[in-house]
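Take a look at this single chain, the form predicted alone, given in C-alpha coordinates.
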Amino acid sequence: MKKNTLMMMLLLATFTLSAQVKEDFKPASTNQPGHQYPMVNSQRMVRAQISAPDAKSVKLDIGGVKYDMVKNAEGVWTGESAPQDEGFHYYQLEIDGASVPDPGSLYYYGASRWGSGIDVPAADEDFYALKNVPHGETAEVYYYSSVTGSVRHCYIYTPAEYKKNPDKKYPVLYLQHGGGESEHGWAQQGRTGIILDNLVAEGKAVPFIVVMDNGSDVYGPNNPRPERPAQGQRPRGGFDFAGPFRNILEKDLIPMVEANYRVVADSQHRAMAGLSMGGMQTHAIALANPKLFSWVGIFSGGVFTVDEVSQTPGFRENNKLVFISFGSRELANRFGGAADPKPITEELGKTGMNTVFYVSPDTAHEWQSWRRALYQFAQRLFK
(Lines give C-alpha, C1' and ligand atoms only; values in the text may rest on other atoms or scores of the structure.)
Protein backbone atom coordinates (compact mmCIF):
# COMPACT_ATOMS: atom_id res chain seq x y z
CA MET A 1 0.00 0.00 0.00
CA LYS A 2 2.79 2.43 0.97
CA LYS A 3 4.72 1.50 -2.17
CA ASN A 4 1.68 2.14 -4.38
CA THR A 5 1.04 5.47 -2.65
CA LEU A 6 4.64 6.53 -3.19
CA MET A 7 4.48 5.60 -6.87
CA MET A 8 1.26 7.60 -7.30
CA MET A 9 2.88 10.63 -5.64
CA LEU A 10 5.90 10.42 -7.95
CA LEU A 11 3.66 10.08 -11.02
CA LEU A 12 1.57 13.03 -9.86
CA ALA A 13 4.69 15.15 -9.31
CA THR A 14 5.97 14.23 -12.78
CA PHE A 15 2.61 15.05 -14.35
CA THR A 16 2.43 18.36 -12.49
CA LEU A 17 5.94 19.33 -13.64
CA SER A 18 5.24 18.39 -17.26
CA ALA A 19 1.93 20.26 -17.15
CA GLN A 20 3.79 23.39 -16.06
CA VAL A 21 6.25 23.30 -18.96
CA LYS A 22 5.31 25.78 -21.68
CA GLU A 23 5.81 24.31 -25.12
CA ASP A 24 7.09 27.50 -26.70
CA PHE A 25 10.70 26.35 -27.01
CA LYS A 26 12.88 28.02 -29.61
CA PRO A 27 16.42 27.20 -30.82
CA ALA A 28 19.08 29.00 -28.80
CA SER A 29 21.02 31.82 -30.43
CA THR A 30 24.23 30.01 -29.50
CA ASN A 31 23.47 26.88 -31.55
CA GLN A 32 25.61 25.46 -34.31
CA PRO A 33 24.25 26.59 -37.71
CA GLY A 34 21.23 24.55 -38.70
CA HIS A 35 20.76 22.85 -35.31
CA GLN A 36 17.38 23.07 -33.59
CA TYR A 37 18.63 21.90 -30.18
CA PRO A 38 19.28 23.00 -27.52
CA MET A 39 16.17 25.10 -27.10
CA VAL A 40 14.91 27.62 -24.54
CA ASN A 41 11.30 28.45 -23.65
CA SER A 42 9.68 31.54 -22.14
CA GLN A 43 10.19 30.05 -18.66
CA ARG A 44 13.96 30.03 -19.34
CA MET A 45 14.01 26.22 -19.28
CA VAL A 46 16.67 24.59 -21.45
CA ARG A 47 15.74 21.54 -23.51
CA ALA A 48 18.50 19.38 -24.99
CA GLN A 49 18.32 16.49 -27.42
CA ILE A 50 20.86 13.96 -28.69
CA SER A 51 20.81 10.67 -30.57
CA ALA A 52 22.52 7.95 -28.52
CA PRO A 53 20.63 4.67 -29.17
CA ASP A 54 23.12 2.49 -27.29
CA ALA A 55 23.37 4.68 -24.20
CA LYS A 56 21.87 3.52 -20.91
CA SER A 57 21.70 6.97 -19.29
CA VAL A 58 21.87 10.54 -20.58
CA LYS A 59 21.67 13.68 -18.46
CA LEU A 60 21.68 17.41 -19.08
CA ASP A 61 24.27 19.01 -16.78
CA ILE A 62 23.68 22.75 -16.31
CA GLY A 63 23.86 25.17 -13.42
CA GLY A 64 25.40 22.58 -11.12
CA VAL A 65 22.38 20.24 -11.50
CA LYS A 66 22.01 17.11 -13.64
CA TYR A 67 18.62 16.45 -15.24
CA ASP A 68 17.62 13.00 -16.52
CA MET A 69 16.79 12.80 -20.21
CA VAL A 70 14.34 10.30 -21.74
CA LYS A 71 14.96 8.03 -24.75
CA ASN A 72 12.33 7.46 -27.44
CA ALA A 73 11.92 4.43 -29.71
CA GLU A 74 14.46 5.84 -32.21
CA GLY A 75 17.16 6.17 -29.55
CA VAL A 76 16.89 9.96 -29.28
CA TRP A 77 17.20 11.38 -25.77
CA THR A 78 15.35 14.56 -24.77
CA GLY A 79 15.17 16.42 -21.49
CA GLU A 80 14.89 19.86 -19.97
CA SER A 81 16.24 21.77 -17.02
CA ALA A 82 14.56 23.86 -14.39
CA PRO A 83 14.33 27.60 -15.21
CA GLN A 84 17.78 29.18 -15.52
CA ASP A 85 18.95 32.73 -14.84
CA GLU A 86 18.99 35.06 -17.82
CA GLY A 87 22.19 35.15 -19.84
CA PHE A 88 25.01 32.79 -20.73
CA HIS A 89 25.61 29.38 -19.13
CA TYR A 90 28.14 26.62 -19.65
CA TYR A 91 26.62 23.14 -19.85
CA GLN A 92 27.38 19.62 -21.00
CA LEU A 93 25.76 16.23 -21.50
CA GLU A 94 26.56 13.19 -19.41
CA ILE A 95 26.31 9.98 -21.43
CA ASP A 96 26.77 6.81 -19.40
CA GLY A 97 28.86 8.75 -16.92
CA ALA A 98 31.05 10.51 -19.48
CA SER A 99 30.77 14.31 -19.70
CA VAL A 100 30.76 15.43 -23.34
CA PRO A 101 29.93 18.63 -25.28
CA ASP A 102 26.56 18.93 -26.95
CA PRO A 103 27.14 18.79 -30.73
CA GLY A 104 24.21 21.16 -31.16
CA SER A 105 25.84 24.15 -29.48
CA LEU A 106 28.78 26.36 -30.27
CA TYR A 107 31.81 25.75 -28.05
CA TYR A 108 33.23 28.11 -25.47
CA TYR A 109 36.21 27.96 -23.15
CA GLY A 110 35.17 27.81 -19.50
CA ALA A 111 35.47 25.47 -16.51
CA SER A 112 39.01 24.76 -17.82
CA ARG A 113 37.74 23.11 -21.00
CA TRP A 114 36.18 23.76 -24.38
CA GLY A 115 32.52 22.84 -24.10
CA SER A 116 28.93 23.78 -24.73
CA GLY A 117 27.32 27.10 -23.90
CA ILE A 118 23.86 28.54 -24.18
CA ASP A 119 22.42 32.04 -24.02
CA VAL A 120 19.09 32.26 -22.21
CA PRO A 121 17.19 35.32 -23.50
CA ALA A 122 17.20 38.27 -21.12
CA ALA A 123 14.80 41.16 -20.69
CA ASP A 124 17.70 43.61 -21.03
CA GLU A 125 19.63 41.82 -23.79
CA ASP A 126 19.31 44.82 -26.10
CA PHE A 127 22.58 46.26 -24.79
CA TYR A 128 24.54 43.26 -26.16
CA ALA A 129 22.37 42.61 -29.22
CA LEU A 130 23.96 42.78 -32.66
CA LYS A 131 22.67 45.96 -34.33
CA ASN A 132 23.14 47.98 -37.49
CA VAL A 133 25.65 50.39 -35.96
CA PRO A 134 29.32 51.10 -36.78
CA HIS A 135 31.32 48.11 -35.58
CA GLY A 136 34.85 47.94 -34.29
CA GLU A 137 37.26 45.07 -34.80
CA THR A 138 38.41 42.40 -32.38
CA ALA A 139 41.76 41.07 -33.57
CA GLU A 140 43.74 38.03 -32.50
CA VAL A 141 47.20 39.25 -31.55
CA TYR A 142 50.35 37.22 -30.88
CA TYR A 143 53.31 38.70 -29.03
CA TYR A 144 56.50 37.47 -27.39
CA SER A 145 56.74 37.58 -23.61
CA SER A 146 60.16 37.99 -22.03
CA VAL A 147 58.60 36.98 -18.71
CA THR A 148 57.41 33.56 -19.85
CA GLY A 149 59.89 33.08 -22.70
CA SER A 150 57.04 32.17 -25.05
CA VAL A 151 54.67 33.61 -27.62
CA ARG A 152 51.36 34.64 -26.08
CA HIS A 153 47.90 35.22 -27.51
CA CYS A 154 45.39 37.98 -26.73
CA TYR A 155 42.41 39.77 -28.25
CA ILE A 156 42.45 43.51 -28.89
CA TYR A 157 39.28 45.45 -29.67
CA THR A 158 39.54 48.75 -31.52
CA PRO A 159 36.49 51.02 -31.90
CA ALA A 160 34.77 51.59 -35.23
CA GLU A 161 36.37 55.00 -35.75
CA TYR A 162 39.94 53.79 -35.10
CA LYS A 163 40.93 53.39 -38.76
CA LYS A 164 39.10 56.54 -39.83
CA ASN A 165 41.01 58.80 -37.44
CA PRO A 166 44.69 58.00 -38.06
CA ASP A 167 45.89 60.92 -35.94
CA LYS A 168 43.74 60.23 -32.89
CA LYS A 169 45.04 58.38 -29.83
CA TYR A 170 42.80 56.32 -27.57
CA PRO A 171 42.49 55.23 -23.94
CA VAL A 172 42.88 51.52 -23.14
CA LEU A 173 41.03 49.07 -20.88
CA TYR A 174 42.85 45.88 -19.87
CA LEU A 175 40.00 43.43 -19.22
CA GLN A 176 40.56 40.07 -17.49
CA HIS A 177 38.57 36.83 -17.38
CA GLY A 178 37.84 34.55 -14.42
CA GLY A 179 39.26 31.28 -13.15
CA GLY A 180 38.99 28.31 -15.51
CA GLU A 181 38.57 30.73 -18.43
CA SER A 182 40.92 32.42 -20.88
CA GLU A 183 41.30 35.42 -23.17
CA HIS A 184 38.44 33.97 -25.24
CA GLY A 185 35.93 34.70 -22.45
CA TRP A 186 35.38 38.44 -22.77
CA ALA A 187 35.81 38.35 -26.55
CA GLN A 188 33.16 35.64 -27.01
CA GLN A 189 30.72 34.91 -24.19
CA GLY A 190 31.27 38.39 -22.73
CA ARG A 191 30.26 40.05 -26.05
CA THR A 192 32.64 42.92 -25.29
CA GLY A 193 32.90 44.31 -28.80
CA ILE A 194 29.13 44.34 -29.32
CA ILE A 195 28.52 46.03 -25.95
CA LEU A 196 31.03 48.78 -26.72
CA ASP A 197 29.85 49.26 -30.31
CA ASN A 198 26.32 49.86 -29.02
CA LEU A 199 27.43 52.18 -26.23
CA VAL A 200 29.55 54.33 -28.52
CA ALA A 201 26.81 54.45 -31.17
CA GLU A 202 24.35 55.68 -28.52
CA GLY A 203 26.80 58.28 -27.25
CA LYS A 204 26.96 56.64 -23.81
CA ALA A 205 30.67 55.79 -23.88
CA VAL A 206 33.78 57.35 -25.36
CA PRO A 207 35.64 55.16 -27.88
CA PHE A 208 38.49 53.20 -26.33
CA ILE A 209 40.63 50.13 -26.98
CA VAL A 210 40.17 46.90 -25.00
CA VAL A 211 42.93 44.35 -24.42
CA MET A 212 41.88 40.85 -23.32
CA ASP A 213 44.77 38.61 -22.30
CA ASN A 214 45.12 35.22 -20.60
CA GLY A 215 45.64 35.71 -16.87
CA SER A 216 45.78 31.97 -16.11
CA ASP A 217 48.40 30.92 -18.67
CA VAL A 218 51.29 32.75 -17.01
CA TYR A 219 53.91 30.02 -17.37
CA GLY A 220 56.61 29.24 -19.91
CA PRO A 221 60.31 28.32 -20.22
CA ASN A 222 61.32 31.40 -18.20
CA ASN A 223 58.56 30.91 -15.63
CA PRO A 224 57.82 27.18 -15.23
CA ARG A 225 54.55 25.96 -13.78
CA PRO A 226 54.81 24.90 -10.12
CA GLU A 227 54.58 21.19 -9.42
CA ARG A 228 51.06 20.05 -8.75
CA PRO A 229 50.46 18.93 -5.16
CA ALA A 230 49.42 15.40 -4.31
CA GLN A 231 45.76 14.58 -4.80
CA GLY A 232 43.63 16.10 -2.09
CA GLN A 233 46.24 18.69 -1.14
CA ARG A 234 46.30 22.38 -1.95
CA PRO A 235 49.47 24.17 -3.06
CA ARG A 236 51.12 26.08 -0.24
CA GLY A 237 49.94 29.66 -0.53
CA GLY A 238 47.87 28.73 -3.60
CA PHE A 239 48.86 29.36 -7.21
CA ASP A 240 49.87 33.01 -7.61
CA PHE A 241 48.41 34.25 -10.89
CA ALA A 242 48.49 37.94 -9.96
CA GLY A 243 52.27 38.25 -9.51
CA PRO A 244 53.36 36.59 -12.77
CA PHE A 245 50.58 38.28 -14.73
CA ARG A 246 51.58 41.65 -13.31
CA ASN A 247 55.09 41.05 -14.70
CA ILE A 248 53.67 40.09 -18.09
CA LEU A 249 51.40 43.13 -18.06
CA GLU A 250 54.09 45.64 -17.12
CA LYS A 251 57.06 44.23 -19.05
CA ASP A 252 55.42 42.80 -22.17
CA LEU A 253 51.73 43.45 -22.75
CA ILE A 254 51.43 47.19 -22.09
CA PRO A 255 54.70 47.96 -23.96
CA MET A 256 53.49 45.86 -26.93
CA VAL A 257 50.14 47.67 -27.03
CA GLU A 258 51.72 51.11 -26.72
CA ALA A 259 54.27 50.33 -29.43
CA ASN A 260 51.71 49.03 -31.94
CA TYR A 261 48.49 50.93 -31.28
CA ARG A 262 47.64 54.61 -31.11
CA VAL A 263 47.09 54.96 -27.39
CA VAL A 264 47.57 57.70 -24.83
CA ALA A 265 50.38 56.15 -22.81
CA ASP A 266 49.69 57.39 -19.30
CA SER A 267 47.74 56.14 -16.29
CA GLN A 268 44.95 58.69 -16.75
CA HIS A 269 44.05 56.96 -20.01
CA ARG A 270 44.61 53.41 -18.76
CA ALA A 271 42.05 51.21 -16.96
CA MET A 272 42.00 47.65 -15.65
CA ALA A 273 39.06 45.45 -14.71
CA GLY A 274 38.31 41.79 -14.30
CA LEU A 275 35.72 39.28 -13.21
CA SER A 276 36.21 36.88 -10.29
CA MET A 277 39.89 35.80 -10.47
CA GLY A 278 40.50 38.65 -12.94
CA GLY A 279 39.02 41.01 -10.39
CA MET A 280 41.38 39.67 -7.76
CA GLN A 281 44.27 40.22 -10.17
CA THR A 282 43.06 43.77 -10.77
CA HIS A 283 42.92 44.37 -7.01
CA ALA A 284 46.43 43.03 -6.41
CA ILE A 285 48.03 44.79 -9.40
CA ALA A 286 46.36 48.15 -8.75
CA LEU A 287 47.64 48.15 -5.16
CA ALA A 288 51.11 46.89 -6.13
CA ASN A 289 51.54 49.63 -8.75
CA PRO A 290 49.02 52.41 -7.96
CA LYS A 291 50.31 54.66 -10.76
CA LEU A 292 49.69 52.12 -13.51
CA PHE A 293 45.89 52.47 -13.78
CA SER A 294 43.64 55.39 -12.85
CA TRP A 295 40.38 53.50 -13.42
CA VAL A 296 39.77 50.09 -11.84
CA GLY A 297 36.82 47.71 -11.80
CA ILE A 298 36.23 44.51 -9.86
CA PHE A 299 33.33 42.32 -10.97
CA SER A 300 32.47 39.60 -8.40
CA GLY A 301 36.05 39.57 -7.17
CA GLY A 302 36.32 41.53 -3.93
CA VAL A 303 36.63 45.15 -2.83
CA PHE A 304 39.13 47.85 -1.98
CA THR A 305 39.05 48.75 1.71
CA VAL A 306 39.84 52.10 3.32
CA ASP A 307 42.83 50.52 5.09
CA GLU A 308 44.26 49.12 1.83
CA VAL A 309 43.99 52.48 0.11
CA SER A 310 45.42 54.35 3.10
CA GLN A 311 48.43 52.03 3.16
CA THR A 312 49.09 52.44 -0.59
CA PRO A 313 50.76 55.80 -1.29
CA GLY A 314 49.65 57.26 -4.59
CA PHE A 315 46.52 55.15 -5.06
CA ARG A 316 44.05 57.79 -3.86
CA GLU A 317 45.78 60.62 -5.72
CA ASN A 318 46.02 58.77 -9.03
CA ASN A 319 42.67 57.00 -9.03
CA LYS A 320 39.66 58.34 -10.94
CA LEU A 321 37.18 55.51 -10.31
CA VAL A 322 36.77 52.40 -8.17
CA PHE A 323 33.90 50.33 -9.60
CA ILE A 324 32.69 47.29 -7.64
CA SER A 325 29.90 44.97 -8.77
CA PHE A 326 28.21 41.71 -7.82
CA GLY A 327 25.18 39.70 -8.84
CA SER A 328 22.29 40.02 -6.40
CA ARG A 329 22.32 36.27 -5.72
CA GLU A 330 26.00 36.48 -4.80
CA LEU A 331 25.24 39.10 -2.17
CA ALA A 332 22.34 37.06 -0.84
CA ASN A 333 24.47 33.92 -0.53
CA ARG A 334 27.91 35.16 0.49
CA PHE A 335 30.24 32.26 1.17
CA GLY A 336 31.70 31.80 4.64
CA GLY A 337 29.85 34.78 6.07
CA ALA A 338 32.07 37.20 4.13
CA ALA A 339 31.63 40.87 4.91
CA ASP A 340 29.04 42.81 2.90
CA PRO A 341 30.99 44.59 0.12
CA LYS A 342 28.50 47.43 -0.29
CA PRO A 343 29.17 49.29 3.00
CA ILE A 344 32.91 48.69 2.53
CA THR A 345 32.74 50.43 -0.86
CA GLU A 346 30.51 53.19 0.51
CA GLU A 347 33.00 53.78 3.33
CA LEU A 348 35.74 54.23 0.75
CA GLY A 349 33.53 56.71 -1.09
CA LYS A 350 33.12 58.74 2.08
CA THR A 351 36.86 59.42 2.04
CA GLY A 352 36.41 61.45 -1.13
CA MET A 353 37.13 58.77 -3.76
CA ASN A 354 34.86 58.24 -6.74
CA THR A 355 33.29 54.85 -6.03
CA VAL A 356 30.40 53.03 -7.69
CA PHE A 357 28.71 49.89 -6.34
CA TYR A 358 26.56 48.10 -8.90
CA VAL A 359 24.30 45.09 -8.35
CA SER A 360 23.11 42.96 -11.27
CA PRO A 361 19.51 41.95 -10.52
CA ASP A 362 18.59 38.27 -10.21
CA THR A 363 21.96 36.86 -11.27
CA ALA A 364 24.73 34.97 -9.51
CA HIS A 365 28.42 34.34 -10.27
CA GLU A 366 27.78 34.21 -14.01
CA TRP A 367 28.28 36.01 -17.29
CA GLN A 368 25.08 38.05 -17.18
CA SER A 369 26.37 39.72 -14.00
CA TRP A 370 29.64 40.55 -15.76
CA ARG A 371 28.12 41.69 -19.06
CA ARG A 372 25.98 44.12 -17.10
CA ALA A 373 28.97 45.20 -15.03
CA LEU A 374 30.99 45.98 -18.16
CA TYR A 375 28.04 47.91 -19.60
CA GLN A 376 27.88 50.08 -16.48
CA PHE A 377 31.65 50.41 -16.05
CA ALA A 378 32.34 51.36 -19.68
CA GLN A 379 29.96 54.32 -19.54
CA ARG A 380 32.00 55.84 -16.71
CA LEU A 381 35.48 55.39 -18.16
CA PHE A 382 37.78 58.15 -19.40
CA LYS A 383 35.30 60.96 -18.74
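For every residue, the number given is its place in the sequence shown, counted from 1. As the structure is a prediction and not an experimental result, all values here were calculated from the model.
The same protein also has a form predicted in complex with a further copy of the same chain, omitted here; what follows describes it.
Under a 4.5 angstroms non-hydrogen atom cutoff, a further copy of the same chain in the model of the complex has residue 139 among its neighbouring residues. Using a 4.5 angstroms limit between non-hydrogen atoms, residue 53 touches a further copy of the same chain in the model of the complex.
Within 4.5 Å of any heavy atom of a further copy of the same chain in the model of the complex lies no heavy atom of residue 170. In the model of the complex, a further copy of the same chain sits within 4.5 Å of a heavy atom of residue 33. In terms of contact with a further copy of the same chain in the model of the complex, the residue from 103, 121, 243, 313 that brings a heavy atom within 4.5 Å is 103.
Remark: none of the three candidate residues (199, 251 and 304) comes within 4.5 Å of a further copy of the same chain in the model of the complex, counting heavy atoms only. Note on the interface: of 55 to 63, 353 to 361, 326 to 334, 37 to 45, the segment with non-hydrogen atoms within 4.5 angstroms of a further copy of the same chain in the model of the complex is 55 to 63. Contact residues in stretch 256 to 272 (any heavy atom within 4.5 Å of a further copy of the same chain, taken in the model of the complex) are 259, 260, 261.
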